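In structure tokens, the next block holds one chain alone, the form predicted on its own.
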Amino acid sequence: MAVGGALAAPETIGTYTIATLGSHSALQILRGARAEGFATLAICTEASEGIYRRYPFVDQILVLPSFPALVDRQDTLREANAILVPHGSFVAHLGVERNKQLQIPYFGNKHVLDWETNRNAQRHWLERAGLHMPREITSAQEIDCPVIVKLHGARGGSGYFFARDAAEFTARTAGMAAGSYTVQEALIGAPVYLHYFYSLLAERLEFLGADIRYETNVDSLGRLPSENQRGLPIDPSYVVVGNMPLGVRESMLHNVYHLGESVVAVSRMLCPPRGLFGAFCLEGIITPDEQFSVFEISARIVAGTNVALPSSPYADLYYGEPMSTGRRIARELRNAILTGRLAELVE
């Protein structure tokens, strides 16, 4: 595949295929790719194949015994002149090293994965960007407040748990490998997930929307009065089952942009020269004093953007036409191909 050089004619877009794993935000990515004139390909397991055959904008389906088998089936993607667009399942199912082994043009900077998938590295990144974060707990002796324990890696909330005090924390982490999790102060506030897109071509940060997650069973616990919860064998869980759109107060938008721009600027120092670009999400809590405390960054498209189909109010402010995050990725790739700059966006 030629990834740079002379300007391309618009009709050449259809000779490229946008491919992604059949999971997470694949429908949004592939629908957006078709809207921008690309051919599309879903990489599926037998369990997920039927879902993607239901949608007319999916041109091809590559069925694998498991997602990690993709590393051995790259010839099929080369024949399709494919560009891979990663999402959270690339991290969860392939891991960092298999992502790096992929030799198909891959949208984004793979070096960012090393910072995204390790919570200690993430914290260094976010703190260096000047973002406020929940207090990190390094030992049981430091616990003087409720805490949340998070396993490393993208898990959709699976494996997170809450501990009320040091005794509960010690009991629940017995047998867990040291360094396999991080512990943070559990802040009380509104959980907010901010969706961004940084355009390397236009050198512009775009705020495309926000969502809140619906998590089981921690969200449903709020329906029970506290006196009715006493004695029930319920352990709060943070597994994400869905997302809901959120309109951010306009007076808060200045801070929203400041957070995103700071993260992008520091990423260029950590992963030079391009740093973080494309879709990403800052995940955090807004406390009653209106401070946004960031607890995590997802350095690619997040499933919460699925609530903004075909667009979001914020994307409409930029484009005045339907523009999901999936389509915004395809628009960036289209513009890069037409201007001979695709090599800047893939590796």
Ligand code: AMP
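Sequential numbering from 1, following the sequence displayed. Because the structure is predicted, anything quoted here is derived from the model rather than measured.
Separately, the form predicted together with the named molecule exists; it is not shown, and the next lines address it.
Taking the partner from elsewhere, His24 is found to have a heavy atom lying within 4.5 Å of the named molecule in the model of the complex.
Although the partner is absent here, Ala92 lies within 4.5 Å of the named molecule in the model of the complex, judged by heavy atoms.
The closest heavy atom approach of Leu200 to the named molecule in the model of the complex falls outside 4.5 Å. By the criterion of a heavy atom within 4.5 Å, Ala35 is excluded from the residues contacting the named molecule in the model of the complex.
Within 4.5 Å of the named molecule in the model of the complex, a heavy atom is found for all three of Lys150, Arg213 and Phe295. Of the residues given (Cys44, Leu70, Ala303, Val58), Ala303 alone sits with a heavy atom within 4.5 Å of the named molecule in the model of the complex. Among the residues Asn81, Ser262, Thr117, Asn243, the one placing a heavy atom within 4.5 Å of the named molecule in the model of the complex is Asn243. The stretch among 163 to 171, 184 to 192, 272 to 280, 109 to 117 whose residues place heavy atoms within 4.5 Å of the named molecule in the model of the complex is 184 to 192. Although the named molecule is not shown here, in the model of the complex the stretch 331 to 347 places no heavy atom of any residue within 4.5 Å of it.
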